[in-house]
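Heads up, the chain below is alone and in the form predicted alone; it's given as structure tokens.
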């Protein structure tokens, strides 16, 4: 019996060691390109030609100065577009999800399933109709030409997730609040939203990443360099710095900083939102 238990513990320990080793290797392979990009960003063309992946001295800090001047306007555009889009997507989506969760009205389920059906339609299929609509509204080469389609298309997931989450909140909380004279707005902002902050932060991060990395729609609707977001601005930036690989890599790293900051600030809420399945009180 002792030998059998010892053998089981040995097998279990070996399994844990194998998983840890596999995850460690996977983590190293994930971050390795970023390490190489960081090393290359401090090289001039001579250093890169002779020692592309080996640290060399002196460090070319001027690459970051060059890259910052070229990409900062694209970063600002993406922050503006992604930030405004995320705010309105979350506001409208959460309000709509709350209505679907807490109110009864004619054809509620039919309308909700209609929203779910829209999730099955690939975004590229509506590209032409969105382009024609934006052109008719005179919003090409305009921030609103990017923001409004992001807002209209990004609410579906938020409505679905927020309704599901609000329905899991015990009804007794809302009944107690009603007895105390709380209005519907009060219950939304003081009960529903505080209990759903984790999933809301998750939706915010997912929406920001989606709009930040979207390249097809800005490429279709934006021609002015001063309005380009970072997703297509980097293509223009690459053409300006293709003879200076170090500055190019520095620009890519600078462009990744805003998303890194967002994730670091909201990482705990993001992980909680991904792992939360119901409200536990």
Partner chain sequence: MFSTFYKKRSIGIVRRPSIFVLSMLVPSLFLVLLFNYYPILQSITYSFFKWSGGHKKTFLGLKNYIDLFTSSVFYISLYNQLVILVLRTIFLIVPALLVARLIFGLKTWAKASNFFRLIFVVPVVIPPIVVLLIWQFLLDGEIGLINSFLQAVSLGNLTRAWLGDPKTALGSVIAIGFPWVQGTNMLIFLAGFLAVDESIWDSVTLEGVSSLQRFFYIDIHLILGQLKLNIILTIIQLMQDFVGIMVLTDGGPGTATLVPGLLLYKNAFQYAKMGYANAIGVVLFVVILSLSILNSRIGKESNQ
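Numbering follows the first chain given and starts at 1. Quantities reported herein were computed from a predicted structural model and do not represent experimental measurements.
Absent from the display: the form predicted together with its partner chain. The rest refers to it.
None of 67, 255, 60, 228 but one reaches within 4.5 angstroms of its partner chain in the model of the complex through a heavy atom, and that residue is 255. When its partner chain is considered in the model of the complex, only one residue from 191, 80, 157, 101 comes within 4.5 Å through any heavy atom, namely 101.
Its partner chain is not drawn, but in the model of the complex it has a heavy atom within 4.5 Å of residue 122. Among residues of the shown chain, residue 73 is not one whose heavy atoms approach its partner chain to within 4.5 Å in the model of the complex.
Although the partner is absent here, residue 133 lies within 4.5 Å of its partner chain in the model of the complex, judged by heavy atoms.
Remark: residue 181 does not count among the residues lining its partner chain in the model of the complex, judged by a heavy atom distance of 4.5 Å or less. Contacts between stretch 222-237 and its partner chain, counted in the model of the complex as any heavy atom lying within 4.5 Å, involve 231, 234, 235, listed in sequence order.
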